[in-house]
Ligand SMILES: Cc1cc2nc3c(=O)[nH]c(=O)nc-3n(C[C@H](O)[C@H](O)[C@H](O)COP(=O)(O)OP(=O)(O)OC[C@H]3O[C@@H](n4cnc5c(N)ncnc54)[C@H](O)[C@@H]3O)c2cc1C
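The chain that follows stands alone, in the form predicted alone, written as structure tokens.
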Amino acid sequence: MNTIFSNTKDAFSIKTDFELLRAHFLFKIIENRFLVKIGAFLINFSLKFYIPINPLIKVTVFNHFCGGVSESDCNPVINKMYNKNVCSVLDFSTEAFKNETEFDKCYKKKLSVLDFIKNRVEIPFAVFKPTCLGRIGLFEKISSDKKLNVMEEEEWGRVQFRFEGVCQKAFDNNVKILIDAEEVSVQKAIDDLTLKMMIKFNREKAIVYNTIQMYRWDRLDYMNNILSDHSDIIFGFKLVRGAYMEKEREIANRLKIKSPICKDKESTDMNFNLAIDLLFNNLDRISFVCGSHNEDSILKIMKMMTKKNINKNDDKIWFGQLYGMSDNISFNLGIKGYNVFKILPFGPVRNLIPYLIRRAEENTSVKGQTGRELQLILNERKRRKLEKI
């Protein structure tokens, strides 16, 4: 089906011929589940035994999906995208922190990023992953309502201090902050902390945004409940389908419990659409981001905006995609004047390996996503060849 998202000239306008060729190569690999598993194994093996593969990773998968090693490294990409009316959201995407020293270091990094992007219209949001500020096991214990011992209470106090500190800095700098969703085992603690931050900082407008994974069948009820219980704040939501589907189903099977994930893609799509309806029905007290690579979902929101006479650049509604993916959505939305950003990960190459592997695994597991990317890349390469004749 041809839509505005079929326009490859604008979609890949900032990509060189070499970058298009590299994208084609990467998505051909990602298309093959076996190659992704083998590649992930070899990369982890190389890292474990300090085999020097960083330069190879940097010129291939890192440069396609990431903005750079540092914030300033990202500036050329940020500026190129903003020239096409596509904003950036810097994401210090290093993961798997395990001790208080690392959590404090990550906390300070989040604060420094918020200072770096202050007053920059091309970077309207910040983002953070909650478990980079505290131990996963502690989030799990809080989420399961288990009693903490004295040391754990003190540890959780430090997590709350860091969490609130990031949100306070975002509020002080007038920067909207996206709080990532994670696995079901830790999400309740994240939801509860995020709601506290909304109550504190979202009195006049949305500063704090919670990420809602709509591949979970219980999320619509969650949103309805907190909307009913809190009428005096402006909610911020980032709507996504979800990032841990296979892992969650495996855990549910192992524990012999009901899976938290919708039974199939059709159910997830229906859940997502119902959530969109809920957001539009409460737009007087909600700002939201549609964090989706699904063209039908984007088109639904565009149609609803037109129907309700909402301006394309109304700050209450944003669209977001990951850097290196779905350029046909991001850049075509930007050219039409909608609010859109790319999540732009950055950090040391070695530390971003878990993020890059997860991107590859997600693309492999999402039916049709990689094939769509490949076809668009092929279409643009063909268009450019014909243009040169």
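The model shown is predicted, which means the values in this text are computed figures rather than measured ones. Position 1 is the first residue in the sequence shown; the rest follow in order.
Keep in mind that the form predicted in complex with the ligand is missing from the display, and what follows is about it.
Highlighted residues 176, 202 and 206: none comes within 4.5 Å of the ligand in the predicted bound form, counting any heavy atom.
Residue-level contacts in the predicted bound form: of 186, 106, 90, 245, one residue has a heavy atom within 4.5 Å of the ligand, and it is 245. 181 is the sole member of 167, 126, 181, 86 with a non-hydrogen atom within 4.5 Å of the ligand in the predicted bound form. Exactly one of the stretches 24-32, 340-348, 55-63, 38-46 approaches the ligand in the predicted bound form with heavy atoms within 4.5 Å, and it is 340-348. Contact between residue 322 and the ligand in the predicted bound form is found at the 4.5 Å heavy atom cutoff. The shortest heavy atom separation between residue 262 and the ligand in the predicted bound form is within 4.5 Å. Within this chain, residue 230 is remote from the site of the ligand in the predicted bound form, having no heavy atom within 4.5 Å. Remark: residue 241 counts among the residues lining the ligand in the predicted bound form, judged by a heavy atom distance of 4.5 Å or less. Using a 4.5 Å cut-off on any heavy atom, the residues of 203-222 that reach the ligand in the predicted bound form are, in sequence order, 211, 213, 215.
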